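For reference, the chain that follows is the form predicted alone, supplied as structure tokens.
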């Protein structure tokens, strides 16, 4: 099978508020594309040449630009960035919070089919154009809107709060200990974000006392056991990865670049309650997530023992808690062991979210999958700077859409 290489890419600073800066989506895309091309030593003239050879394409991941910025038909947007993109095949891909991953999936397929030598994958979302309540309602479109989100304030914190409730119930966990473990997850991600120069919360404060102080005005409850400290961020941002074929890397002497070794893609029942009904007799609370992980291990011919770090979809601390056993780091219901003993810390043997994750780094919905892929590239290429995991050879990412309805897993390695 054709190898797919990652040449590099770029990410905007997720701390920024583009509306307050008076900048629109084209300014966002210009900045991230220019940075990405510089990172991979490409020029706009190179893009024109590749386009004449029918060897380049663009895949754009975005969830809800129609709501946030009143813009649809996103595939051709890069023609507004530079005329070099005139004629380049491009399209938009959507899978809620996994929109970036479905764009990556399409790019991989285009390269493996031999149709293109280079595919630029762009993920973006501008979310700070509206207030928090309106933003929560827009995000509710990633659930069954009429039944799970319409008229409900902040529907997704409530859905992942239900996941927390179901977890405690299914595995007969001590509720207070579980909440303390969620607080530890939050603090790990905030702590990791301080090492990341593009992380949204790198200047914020969080410790376990604060994260455990649920119900306090500084850490209000937002969904069952979950409080503000358990939530990912509302973020403006974009990320780019540039994927290439074996032919391109050999021609340009780039064979030492990281490759995508394996992937998994599974879809669960849409409605959260149906997920719980279907999984009641399964050892995993979200077996479809576990299946996506296992598919990636199988395709890469690797196991959890071979993975040096993980980037996971911590839209809420309860989703990261679930992911620990889905990765195979522990058995289901035993996740607390590796949270409490430091295994998933930055200096642990199985670090999770060295970037800070969605809680620490930020979560511009359509960009998160691409940002995770970029961070896997950085780790394997030894380009992660202050948040570099030493001697990283294989890294895994989990990107989910909705209430773990769409599940994407990729493994990147040397």
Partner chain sequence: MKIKEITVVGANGALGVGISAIFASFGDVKVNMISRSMEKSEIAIEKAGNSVKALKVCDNMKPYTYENLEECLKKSDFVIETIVEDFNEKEKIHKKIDKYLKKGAISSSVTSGISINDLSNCYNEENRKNFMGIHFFNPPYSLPLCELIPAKNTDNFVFNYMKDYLAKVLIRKVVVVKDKPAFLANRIGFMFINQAMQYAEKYKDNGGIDYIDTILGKFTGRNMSPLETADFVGLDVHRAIVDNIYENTNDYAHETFKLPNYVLDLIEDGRYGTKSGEGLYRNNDEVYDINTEEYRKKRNYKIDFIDKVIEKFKIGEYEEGLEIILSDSSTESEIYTRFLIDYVVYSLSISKEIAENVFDCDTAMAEGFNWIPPIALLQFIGEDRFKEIAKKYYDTKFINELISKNLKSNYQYEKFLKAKR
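Numbering follows the first chain given and starts at 1. Note that the coordinates shown come from a computational prediction; the quantities given were computed from them, not determined experimentally.
Although it is not shown, the form predicted together with the partner chain is what the next lines describe.
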Tell me, yes or no, whether residue 274 is in contact with the partner chain in the model of the complex, where a contact means a heavy atom of each within 4.5 Å. no
Residue contact check: residue 184 to the partner chain in the model of the complex, 4.5 Å heavy atom: no
Using the partner position in the model of the complex, report whether residue 217 sits within 4.5 Å of the partner chain, counting heavy atoms only. yes
Just to confirm, residue 49 within 4.5 Å of the partner chain in the model of the complex by heavy atoms? no
Heavy atom within 4.5 Å of the partner chain in the model of the complex - residue from 169, 194, 177, 112: 194
From 213, 270, 86, 145: within 4.5 Å of the partner chain in the model of the complex by heavy atoms is 213
Per contact check vs the partner chain in the model of the complex (non-hydrogen atom within 4.5 angstroms), the hit among 128 to 136, 313 to 321, 300 to 308, 200 to 208 is 200 to 208
